[in-house]
Ligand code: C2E
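Coming up is one lone chain in structure tokens, specifically the form predicted alone.
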Amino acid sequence: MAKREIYGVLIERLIQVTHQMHFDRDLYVELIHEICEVYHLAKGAIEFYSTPMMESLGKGEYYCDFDNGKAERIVLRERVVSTTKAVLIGTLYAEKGDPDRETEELNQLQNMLRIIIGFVSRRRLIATLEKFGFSDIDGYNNFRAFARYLDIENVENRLGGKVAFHIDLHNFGMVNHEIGRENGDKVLKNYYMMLQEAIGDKGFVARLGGDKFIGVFDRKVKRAVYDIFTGTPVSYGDESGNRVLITAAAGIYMLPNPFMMKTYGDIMDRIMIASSTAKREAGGSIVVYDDKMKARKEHVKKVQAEFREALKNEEFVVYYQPKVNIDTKKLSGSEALCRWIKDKNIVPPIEFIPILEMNTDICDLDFYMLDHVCSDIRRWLDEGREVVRVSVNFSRKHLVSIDFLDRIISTIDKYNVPHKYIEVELTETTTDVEFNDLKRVVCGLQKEGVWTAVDDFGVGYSSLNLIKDLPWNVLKIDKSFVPKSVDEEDSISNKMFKHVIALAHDIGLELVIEGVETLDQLDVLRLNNCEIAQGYFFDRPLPLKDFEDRLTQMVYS
């Protein structure tokens, strides 16, 4: 058979093999070998570079399906740049001493080489689409990959009885800060690989973004996976052995058996609700979804939906809880507390304050409270009443706002209220960034003559730097820090309480003890020279009219 006729057969077979729906690699390689033997080629190779820059750096992929080990010289070389700017180079080699090819034979080889280059280009495009469709830029499985896994398992009826999860790594920003982002990326990758290894081939793990992961695993490996969630050391050095402890907030949904997924929300909604609950707890925490969480989520959505209208309609009301000097029994101040009056019923703060803290709604409520407090004080002054300092709580979320300080001062000045009558209560902070913002705000308020107070000191892991480095006026001690009676004088809590009180007195801080409810607690305060108490022993939070009666009376009987 003439070379031209052989060429016709080979190129027809090449087109068939490279365009069939289900690629047969063995058949393709067999055909490449046949072409090389017919045309006396020693080697055929294809190079693939994702961009011209990768070509210049020599960073690409190399494919060679025939090489007899005797390639000495180039017969033909084709360089093609695709519309996506990928570079493909096909090269055919001959043995040393082989004669030069005639033009017709070179044209035949060129046509076949171009078909092969086009085929490799299409295959690489499919692989690239697969990569970018089902993995993120860092190579992690993404949500599409997770959704595809769920679809496959669901069709095969293999989801029932498995465990789905969503995790959010605790304080990973601090890890990046401490060891650097490059090492942080290594930790993230190693953690992901540890999860994959623990889960095995009967589950799946993907990254949603940042330090958030989702997945599914078999109940047989639950203990191993849970151990990773609650805290595991992860290395980031090749030889140094450096490790960091990584904990996660994990939301878990135990899929019933049998289980058929109708939508992804059947799983995603539940693990996200449980994860949100887990994030509010410290350390490595695991929360398993139950139906009460769904009801809680609906309540959250309802409160958030109704908040704006309630604010507009002034359904939020200021209640004032007196602060009393326990020696003179005189009213010495008060704290403004928010109550939501809805349909003539009081909504307990615990039912809406934590929800408003989930976003910036709480910031709007805080300034609403300050505005109403300033309005009340202005009216009391105009009426000639004796006025006491009122403390107003502000969420930590305000600290990121550069206008926070100016907005407080402008609100007070709008009512022409002397600054000495306002006290701003702020809670302790947990990060260096927040601490710096807190310092800026506290120092700024001090310059403006506005009092500042540390709220709930003793509830968290308070740092003495909080009262050493910031110029507070008032230290509010939470009731949980106060000994229950003078009989506990030798207890650790009593000794700690005594020293904190002494320290506050030494550095000139005014002390307010919260949650005082019994005569025994009052005796503890007197024994430790604590002058000001706030709590049910004297008064519950009072509506405006009742508190105004207290202002008129001023002294407790």
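This structure is a prediction, so every number in the text was calculated from the model and none was measured. Residues carry their position along the shown sequence, with the first being 1.
This protein has a second form, the form predicted in complex with the named molecule, left out of what is shown; the following refers to that one.
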**OP:** Determine which one of 307 to 315, 107 to 115, 390 to 398, 218 to 226 lies within 4.5 Å of the named molecule in the predicted bound form, judging by heavy atom distances; exactly one does.
**Re:** 390 to 398
Original post:
With the named molecule left out of view, which of Asp361, Glu78, Asp455, Glu153 would have a heavy atom within 4.5 Å of it in the predicted bound form?
Top reply: Asp455
Original post:
Of Glu425, Glu95, Asp269, Asp136, which residue is found within 4.5 angstroms of the named molecule in the predicted bound form when only non-hydrogen atoms are counted?
Top reply: Glu425
Original post:
Is the gap between Phe23 and the named molecule in the predicted bound form 4.5 Å or less for some heavy atom pair?
Top reply: no
Original post:
Just to confirm, Lys342 within 4.5 Å of the named molecule in the predicted bound form by heavy atoms?
Top reply: no
Original post:
Using heavy atoms and a 4.5 Å limit, would one call Ser82 a contact residue for the named molecule in the predicted bound form?
Top reply: no
Subject >> Residue contact check: Asp211 to the named molecule in the predicted bound form, 4.5 Å heavy atom >> reply: no
**OP:** Counting only non-hydrogen atoms and a 4.5 Å cut-off, give the residues of 520 to 557 close to the named molecule in the predicted bound form.
**Re:** Gln534, Gly535, Tyr536, Pro541
